[in-house]
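Okay, here we've got a single chain as structure tokens, the form predicted on its own, with questions on binding and movement later.
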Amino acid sequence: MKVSFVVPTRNSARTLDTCLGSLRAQTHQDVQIVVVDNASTDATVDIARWWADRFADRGPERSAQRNHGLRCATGDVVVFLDSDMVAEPGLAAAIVDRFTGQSELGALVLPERSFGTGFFTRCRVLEKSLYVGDDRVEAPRAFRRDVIEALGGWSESLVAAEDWDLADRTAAAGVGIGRVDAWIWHDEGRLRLAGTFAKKRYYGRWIDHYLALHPDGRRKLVRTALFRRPLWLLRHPLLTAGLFLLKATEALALYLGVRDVQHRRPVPKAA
């Protein structure tokens, strides 16, 4: 079974070499690497061309890049990773084993952990550890080719919450969703509140559109998993305080992003 990894990039030189190197180091032999860039101005293209089996340049956003990567990929299984993720060596083998052993599964969740430097990154590491196994947060990244094609790929109308949208459509279609034991590691770098705020405010612009498509999706905005393991939080009081500051910052940013879009909408004229 051939596994195609599709990786969208844009100015990803800091993390891309490690990401693609981890894909080339997979223990499963039949692996294809597809990189779809979006007009990078750093060393991303050179790094991608060194590692990738197929390379393309396509925009405007990552959903369109992933869909183009799907069209370029030739694997029986297509896995979508971000350019700041590192795959454990046995990831592709675990995916193949799961799909081979359970024919009823069409999609797989790849559990995720974070790493990086700095206080708020350590807070994020704690946060991600609380989300493992929570279907309101985790979304499938590995698909049988016929399944992802039948679903129509990624929604190109969404720049944010596109993973929730695909997960919702996958479940609604009755596709069996499983998970693997191998991990992907998300390189957070050094998180700073200002940068996190700006990114989440940008993402907030698409929340209303996502909720219009999936009214039940509001439950994904409430991270109850943060309270599932209170003893974990009690063991790390300083990180817990930082984590809730981080989440409060993100919540405010998302709210402002939603409001930005609402304020730009034309006001209907009175009859």
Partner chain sequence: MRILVLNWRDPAHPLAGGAEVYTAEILRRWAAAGHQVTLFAAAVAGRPAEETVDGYRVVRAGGRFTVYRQARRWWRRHGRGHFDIVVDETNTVPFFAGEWVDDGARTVALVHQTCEEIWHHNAPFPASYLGRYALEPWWLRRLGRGPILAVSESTRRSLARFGAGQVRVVPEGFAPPPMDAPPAREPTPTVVFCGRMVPYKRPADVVLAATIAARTIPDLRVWMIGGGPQLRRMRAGAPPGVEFLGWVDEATKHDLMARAHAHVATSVREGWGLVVTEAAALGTPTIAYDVPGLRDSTRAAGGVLVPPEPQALARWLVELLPRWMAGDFEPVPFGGARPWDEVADAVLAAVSECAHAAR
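These numbers come from a predicted model, not from an experiment. Residue numbers count along the first chain shown, from 1.
Omitted from view is the form predicted in complex with its partner chain, to which the following refers.
You can rule out all but one of 96-104, 152-160, 130-138, 176-184: in the model of the complex, only 176-184 has residues with a heavy atom within 4.5 Å of its partner chain.
In the model of the complex, every residue of the candidate spot (T18, W51 and R113) has a heavy atom lying within 4.5 Å of its partner chain.
The closest heavy atom approach of A167 to its partner chain in the model of the complex falls outside 4.5 Å.
Mapping the unseen interface onto this chain, T27 counts among the residues with a heavy atom inside 4.5 Å of its partner chain in the model of the complex. The shortest heavy atom separation between G195 and its partner chain in the model of the complex exceeds 4.5 Å. In the model of the complex, no heavy atom of G75 sits within 4.5 Å of its partner chain. Only one of C123, L108, V86, I148 lies close to its partner chain in the model of the complex, with a heavy atom inside 4.5 Å, and it is V86.
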